[in-house]
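Encoded as structure tokens, the following chain is the form predicted on its own, with no partner shown.
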Amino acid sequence: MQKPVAICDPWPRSLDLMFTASDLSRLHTLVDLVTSDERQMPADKVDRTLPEAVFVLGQTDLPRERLARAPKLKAVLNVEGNFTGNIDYDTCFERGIHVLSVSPVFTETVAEMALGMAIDLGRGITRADRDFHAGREVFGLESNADAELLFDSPVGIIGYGDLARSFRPLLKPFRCPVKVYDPWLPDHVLVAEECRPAALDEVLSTSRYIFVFATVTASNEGFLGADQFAAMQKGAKFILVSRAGVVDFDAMLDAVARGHILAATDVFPQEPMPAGHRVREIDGLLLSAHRAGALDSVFKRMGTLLLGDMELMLKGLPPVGLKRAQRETVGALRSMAVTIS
């Protein structure tokens, strides 16, 4: 019996990155995998394979005219974690083609990093370590003049999607009252998560720790700007782990540079940032090179979810592990394409 055909075009990911040896063996048993020796599959090879393809695994451009060449296509399996504008989503929705993302694999690991960053900002762990290595260490009470507990501190969350849902349980031992701003969710969803729905201004002005989990859309790009940073309490801690596009990055740097807030970020408007950029020199800014989700064990979980959903779809069942593109919102998303694993 002929196996279903899957186009594998996952750059900047790779099969070895995403699959354990046993899962990769299962993948080859499940489908006839069409790959390329080049970084990205050549367009002519994609076009030749599409008429038989049941799955496309990767970030292959799929405009309407290409999708028309793929009558057997069941799903596009995006291994970036984003839904970007390289697919004709309307055609996929019309034909019942699933467009799926591996983003669920990143929720717990990014949530853990966000918590670590918050504690670091509050307790000055990294700053104290740098001082000690430089011979400037200060012991005892004097060293904690600007320290602040996360315990019992008011927390604000901006954007309550999958990342925030994984993060919220991590806060419970700290007894933090939590306010959330998310215009895409009804209040009862947030209340059920033990959060209080609030307007953005209230979240910004009343929180000591502010976590940004919002994705970038056509309507919120750069919506956290100079006015929003000015509205935050002096000494507030701002943690950005979703996408840099939701903030005016220069305004954030200005707020940190003048000592109004402390901030931590795992994401940047340009990756890598230029060597001489001021982001590398500002005190009170904790930097992480978009590494919150980039663990080998996390990447290998991609393969597990991909395989599970592919097996379900070949049985005529809906996918359950990966995130589905939503007809009402996918056209508004504006995340950058991934270029680094």
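Computed from a predicted structure; not experimentally measured. The first residue of the shown sequence is 1; numbering continues from there.
A second form of this protein, the form predicted together with another copy of the chain, is not displayed here; the remarks below concern that form.
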- prompt: Looking at 196 to 204, 174 to 182, 254 to 262, 236 to 244, which lies within 4.5 angstroms of another copy of the chain in the predicted bound form, counting heavy atoms?
  reply: 174 to 182
statement: None of E271, E221, D162, D250 but one has a heavy atom within 4.5 Å of another copy of the chain in the predicted bound form; the exception is E271
query: Is there any non-hydrogen atom of A230 lying within 4.5 Å of another copy of the chain in the predicted bound form?
result: no
Contact of V99 with another copy of the chain in the predicted bound form (heavy atom, 4.5 Å): no
message: Within 4.5 Å, heavy atoms only: does H290 come near another copy of the chain in the predicted bound form?
response: yes
- prompt: Do A21 and another copy of the chain share at least one heavy atom pair within 4.5 Å in the predicted bound form?
  reply: no
- line: Residues in 104 to 119 that come within 4.5 Å of another copy of the chain in the predicted bound form by at least one heavy atom, in order, are E108, T109, E112, M113, L115, G116, M117, I119
